[in-house]
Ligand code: UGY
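To begin, one chain is listed below as structure tokens, in the form predicted on its own.
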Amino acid sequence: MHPTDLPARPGIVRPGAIGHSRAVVGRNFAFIPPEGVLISRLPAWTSTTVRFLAAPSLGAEFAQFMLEIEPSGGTVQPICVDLQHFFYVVAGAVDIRIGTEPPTTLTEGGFAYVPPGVAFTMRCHPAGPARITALKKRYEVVEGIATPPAIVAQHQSMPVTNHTGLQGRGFKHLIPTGDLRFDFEMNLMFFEPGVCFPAVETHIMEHGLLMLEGQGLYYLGDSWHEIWVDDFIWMGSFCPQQYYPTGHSQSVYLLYKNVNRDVVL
């Protein structure tokens, strides 16, 4: 049973909540359930709260966070920094404008990539609040390779692919895979119940994982963790990892992965 499934009474802490947490922070991974993540606010955003999930203080080389935007809330003015941004709409609808392009409406499942040094604005629709998972990362410049372009799209318009040849798995590459202009990928990963990784992976790539649908078990380091919708996992370099989906329906998660760059010595 998920802790939030327990009966709740106003002003009363749920039974068993004292001293209990599913959160685990290890040397090169962190399992972070939403119930323990506190809110903050950002000067560049109005009527918006932020919940940071990964940051350099954790050990990550990127920052990932959840924006909870009230109706008509959003950026105070255009934001333009030397970082690249990625946004994915978990719930609600927003209008995003990148550079001098006209605003585009993104609903649930919509996403946007903002290149470094390009201004953007975001405004929540007045009909209801929005939840946006966001990621920012310093761009790794390579001489002779152009800065990547902006991307604005809905994942629903993209086909599910499967390069593994293994039944029950699916992929949507929200950022073009193999395009050396990009130094990271954001992928939607689809799993039918019981269809796991073929092996425990141990690799140099770093991950930020947000669970969007279903449930499962995630192996991190040397132990298994039950993962539910809205749970977040940070996996650092060379963290042993494997996923096993459980439940009666497909599970889906959004996965960040740094790629296409050499090791810095």
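Because the structure is predicted, anything quoted here is derived from the model rather than measured. For every residue, the number given is its place in the sequence shown, counted from 1.
Here the subject shifts to the form predicted in complex with the named molecule, a form of this protein not shown in this document.
With the partner left out of view, is Phe232 within 4.5 angstroms of the named molecule in the predicted complex by any non-hydrogen atom?
Taking the distances in the predicted complex, the answer for Phe232 is no, it never comes within 4.5 Å of the named molecule.
Given that the partner is absent here, does Leu188 sit within 4.5 Å of the named molecule in the predicted complex, heavy atoms only?
No, Leu188 sits far enough from the named molecule in the predicted complex that none of its heavy atoms falls within 4.5 Å.
Report yes if any heavy atom of Val252 sits within 4.5 Å of a heavy atom of the named molecule in the predicted complex; otherwise report no.
Although the named molecule is absent here, Val252 would stay clear of it in the predicted complex, with no heavy atoms inside 4.5 Å.
Quick one: is His203 in contact with the named molecule in the predicted complex, heavy atoms, 4.5 Å cut-off?
His203 belongs to the contact set for the named molecule.
Only one of 50 to 58, 66 to 74, 29 to 37, 203 to 211 has heavy atoms within 4.5 Å of the named molecule in the predicted complex; I'd like to know which.
Of the options, only 203 to 211 has residues within 4.5 Å of the partner.
For the spot marked by Phe197, Gln241 and Lys257, is every residue within 4.5 Å of the named molecule in the predicted complex through some heavy atom?
All of them do, each having a heavy atom within 4.5 Å of the partner.
Sequence order please: the residues of 208 to 231 with a heavy atom within 4.5 Å of the named molecule in the predicted complex.
Going through 208 to 231 in order - heavy atoms within 4.5 Å of the named molecule in the predicted complex - there is one hit, Tyr218.
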